[in-house]
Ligand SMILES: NC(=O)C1=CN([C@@H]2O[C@H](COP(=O)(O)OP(=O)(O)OC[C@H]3O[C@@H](n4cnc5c(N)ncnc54)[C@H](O)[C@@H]3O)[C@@H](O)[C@H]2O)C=CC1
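Presented below, as structure tokens, is a lone chain in the form predicted on its own.
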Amino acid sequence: MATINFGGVDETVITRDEFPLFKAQEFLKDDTIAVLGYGVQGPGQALNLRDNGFNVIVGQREDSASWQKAVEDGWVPGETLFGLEEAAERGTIVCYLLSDAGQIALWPAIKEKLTPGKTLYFSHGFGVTFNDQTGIVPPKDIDVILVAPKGSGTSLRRLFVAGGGLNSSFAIFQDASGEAFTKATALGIGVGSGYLFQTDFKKEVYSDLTGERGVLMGALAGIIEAQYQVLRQRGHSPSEAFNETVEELTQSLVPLVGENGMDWMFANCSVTAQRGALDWKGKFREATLPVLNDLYDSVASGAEAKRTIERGSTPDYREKLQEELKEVRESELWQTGAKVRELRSNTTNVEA
């Protein structure tokens, strides 16, 4: 393990130097890793593990589009692709990567397959942390661990193929074997993590739910809508409003901030932009702090979990979700975005 100073705070993390891939392969050489679910995280983790030389099978509902996707990705029915319950029975490590609602629905059947000595692996602390609502209480004679890549399964796979890695948190909920820490580390390296930092199930889900409702998606979408609306109401065209609100953010600024940090971004823009950003960032921080604190309290109280479970389990959830997404997709803002992306693509294909 390596001790690294993050912003003045020393943290212990695990990198590929401390725990190289060959060590992970050796540790898990006798295990069959069953990845249950082939939707969001499943494909990236399963494919990365397979490409890294681990013994991997996939479990998925046979009548689903994800089953066909798994076949297209090279998983062979009856050999490396099985129904969910059969895969869970065959696996010594069961990676429970279904949606939170899917995990709740399937849990009674999967729990029966978790015989003594097996390992139950999550990439989200939701089911275990909110077990009073989910009913997910693992047997005491198995290891229960977590590896949570800090990004989508698509990003995990894309970075892996490019030779990079997505950072991941890991946690131990239950160590029946005495080797749960090493097991989680080996799997974290196996799925293609850049480095691993330790947390616990509760902190993982609290930070995750706050992040996706906050900066990562909810707050980002909300502030984009607000700025676009202000510019349109003040007489700016859809194209101008979108380019100033979204296009510069996603195509220029965010990649640069990711590469070099916000301080670099401030230092490498015009004096006008510098002054405006520095003068206004505090106002935005103070305005959003109460909202983010309310959000965290809602997560910690279990209210967000309750709403997610109740809404996600209604029979017409998918239908109503499509209506909500349709409203977003057909808004002037995102219709403008579709046209801008089209023009961006056409521009890059024009020969000089």
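In this text, residue numbers run from 1 along the sequence as written. Every value quoted in this text rests on a predicted model; they were computed, and no experiment measured them. Throughout, rigid core stands for the largest set of C-alpha atoms superposing within 1.5 Å between the two forms.
The next section is about a form of this same protein that is not shown, the form predicted together with the ligand.
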query: One stretch from 262 to 270, 90 to 98, 191 to 199, 223 to 231 that, in the model of the complex, holds residues within 4.5 Å of the ligand by heavy atom; finding: 90 to 98
query: Candidate from Ala219, Ala105, Leu256, Ala176 lying within 4.5 Å of the ligand in the model of the complex - any heavy atom; finding: Ala105
query: Contact assignment for the ligand in the model of the complex, among Pro238, Gly151, Gly83, Pro139, heavy atom within 4.5 Å; finding: Gly151
query: Contact flag, Val40 vs the ligand in the model of the complex, heavy atom cut 4.5 Å; finding: yes
query: Contact flag, Thr119 vs the ligand in the model of the complex, heavy atom cut 4.5 Å; finding: no
query: 4.5 angstroms heavy atom contact with the ligand in the model of the complex for Ser123; finding: yes
query: Non-hydrogen atom contact Arg285 with the ligand in the model of the complex at 4.5 angstroms; finding: no
query: Partner contacts in the model of the complex for 289 to 320 (non-hydrogen atom within 4.5 angstroms of the ligand); finding: Tyr317, Arg318
query: Core-aligned C-alpha movement of Arg318 between this form and the one not shown reaching 2 Å; finding: yes
